[in-house]
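Only one chain is included here, represented as structure tokens and corresponding to the form predicted alone.
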């Protein structure tokens, strides 16, 4: 219980009791650290009895100061108050320092985990399970209490000022300083403010508690980086720091800052000075809060590039999730700047995300590489773009709110495809942007296909890449839902059309050798077939097929199912045609000289050769395969 003020006025009308003043002055002087070695070495607030005596003495002296006791006593009282306030300031600082070790990092992360688990349960409208209760018990140990039945269990201050811990669904205040020390701090603060030492009180409190907050920041891995420092970091290092920042920011706002605010309220609530707890809170956390949010601000205004989009969205999601807690913790008039900074950062992160998406679209359209990929396989651009938009689809809940306008084509840009969204007019802006990205990717790939000298390989390249696009869409539930089956069928038709064009370009000359035209002749040859023309036809077929096999074995269709389907499609045309041709004309060759020079391959061997196609084999590998067979 706090020492109560005692009335020292005498009943006979004397203004003050000189003997009471003398006793109080004696107590004050006893603890004058400038005059006594013992006073310098010992602290008053380690002994409850000494605390009671000293605070009574301070109260007595203060009454003399306010009661105009006369010039001599007034001078003595003023001097005693100065000594007492210097002593109380030292005691105030000592109590704070003694109990201002940084929050244990395990406890910080335990609180963070508890917050995340509780939020998930709140979102699902489910009751907490036993595991959550265990985490809550661990948290409540930090607040000096334990309960398995209520997440709002509180510790009552002995002064009766209310609960020490108040909990919301996300804010988790913990006991930073033991309750008995909080009570001592409050008693000292009231007397310092009453004596006119408000500024000194705030400065001491703020400097000590800010050091504790800084130590907690270090344990959470939050570095003191200027905006310039952040912008100079390479992206790989920055990604790691962003991940750490997101986790740490939740703990800082919901645990560290919230607990500091509550501590301020309980230390200064009964002091009487207007808004002193606000001033002390801001003195403590304004610098760390600015340091914390400066990191996110630096990211929001940094140079835009496609690889930054997803971490910017992670930051945006984390900040928008934290915003209610920021507004709750920094709800004071003096902390307007913190709330405004957080809101502005959120807005800039949203604008950065929109800008990056637009720049990504332009980058896809204008990707300049002209060197054809070997074998007509999937272009690195295709893989990159489709992996990118698959990730975009995973951020759909966020981006649906951020992307509000449809994509638009610059009317003066002749190097961009025409846009016709009539078939997908029911789609939202985000889905239309993804369809537009796929459209400009195809447009770019069509341009790259023209760098192949072989028309068949050009079509194979388009087939491979559009097929990859289709498979990536089918492989993502979110992406498929946004693109829609109608546009997916259109893309499927596109790669099938490319496969048809490939077969025509690659095999028409081979199949042309297996026609009857030009082989029949009038004359002495009883069958009406020109043996010389037939021999030339077989020689042409053999040479063409051998060349196609040699070249196209080096080409690549990376998707195994598509590769087999394409081979089957080729054989469905080639095998019957060759079998029929042999059936009609084999006897004419075999009845002549050296038939082995003209019929070099059986139907079965031809089918085996076709199965070698699209494996990406070099000439050496093809030779080694033949030898092994």
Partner chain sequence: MPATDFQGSFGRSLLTLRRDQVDSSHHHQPSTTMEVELDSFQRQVAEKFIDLNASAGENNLLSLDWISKLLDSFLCCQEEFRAIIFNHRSQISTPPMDRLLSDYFERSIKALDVCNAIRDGIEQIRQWQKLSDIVISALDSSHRPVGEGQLRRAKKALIDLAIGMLDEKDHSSTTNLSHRNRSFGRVKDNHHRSFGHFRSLSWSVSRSWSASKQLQALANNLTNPKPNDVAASNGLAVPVYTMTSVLLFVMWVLVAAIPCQDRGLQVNFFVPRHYQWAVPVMSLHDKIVEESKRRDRKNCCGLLKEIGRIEKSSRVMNELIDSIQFPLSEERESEVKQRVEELVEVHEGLKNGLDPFERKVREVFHRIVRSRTESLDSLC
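Quick caveat, the model's predicted, so the values are computed rather than measured. Positions refer to the first chain, counted from 1. C-alpha atoms forming the largest set that superposes within 1.5 Å between two forms make up the rigid core.
Here the subject shifts to the form predicted in complex with its partner chain, a form of this protein not shown in this document.
Heavy atom distance at most 4.5 Å to its partner chain in the predicted bound form, all of 65, 98 and 290: So, yes: the whole triplet contacts its partner chain.
Handout entry: in the predicted bound form, the residue from 476, 530, 398, 341 that sits within 4.5 Å of its partner chain by heavy atoms
Key = Result of the distance check: 341.
Notebook entry, point to check: Considering its partner chain in the predicted bound form, which of 239, 89, 325, 394 comes within 4.5 Å of it through any heavy atom?
Noted result: Checking each option against its partner chain in the predicted bound form, the one that comes within 4.5 Å is 89.
Notebook entry, point to check: Counting only non-hydrogen atoms, which stretch in 452 to 460, 205 to 213, 376 to 384, 534 to 542 is within 4.5 Å of its partner chain in the predicted bound form?
Noted result: That would be stretch 205 to 213.
Q.
Considering non-hydrogen atoms and a 4.5 Å limit, does its partner chain approach residue 360 in the predicted bound form?
A. Taking the distances in the predicted bound form, the answer for residue 360 is no, it never comes within 4.5 Å of its partner chain.
Test of understanding: in the predicted bound form, would residue 228 fall inside 4.5 Å of its partner chain by heavy atoms? Yes, contact at 4.5 Å.
query: Heavy atoms within 4.5 Å of its partner chain in the predicted bound form: does residue 369 have any?
result: So residue 369 does not count as contacting its partner chain.
Could you confirm whether residue 94 comes within 4.5 Å of its partner chain in the predicted bound form, counting heavy atoms only? Residue-level check for residue 94: yes, a contact with its partner chain.
Point to revise | Partner contacts in the predicted bound form for 37 to 57 (non-hydrogen atom within 4.5 angstroms of its partner chain) | key: If the 4.5 Å heavy-atom criterion is applied to its partner chain in the predicted bound form, 37 to 57 yields 40, 41, 43.
### Query
Once you line up the core, how about residue 77: does its CA shift reach 2 Å between the shown form and the other one?
Shift at residue 77: 2 Å or more after core fit.
| task | With both forms fitted on the core, give yes or no for whether the Cα of residue 194 moves by 2 angstroms or more between the shown form and the other one. | result | Indeed, residue 194 is displaced by 2 Å or more.
### Message
Is residue 87 displaced by at least 2 Å at its C-alpha between the shown form and the other one when the rigid core is overlaid?
### Response
After core superposition, the displacement of the residue 87 C-alpha between the shown form and the other one reaches the 2 Å mark, so yes.
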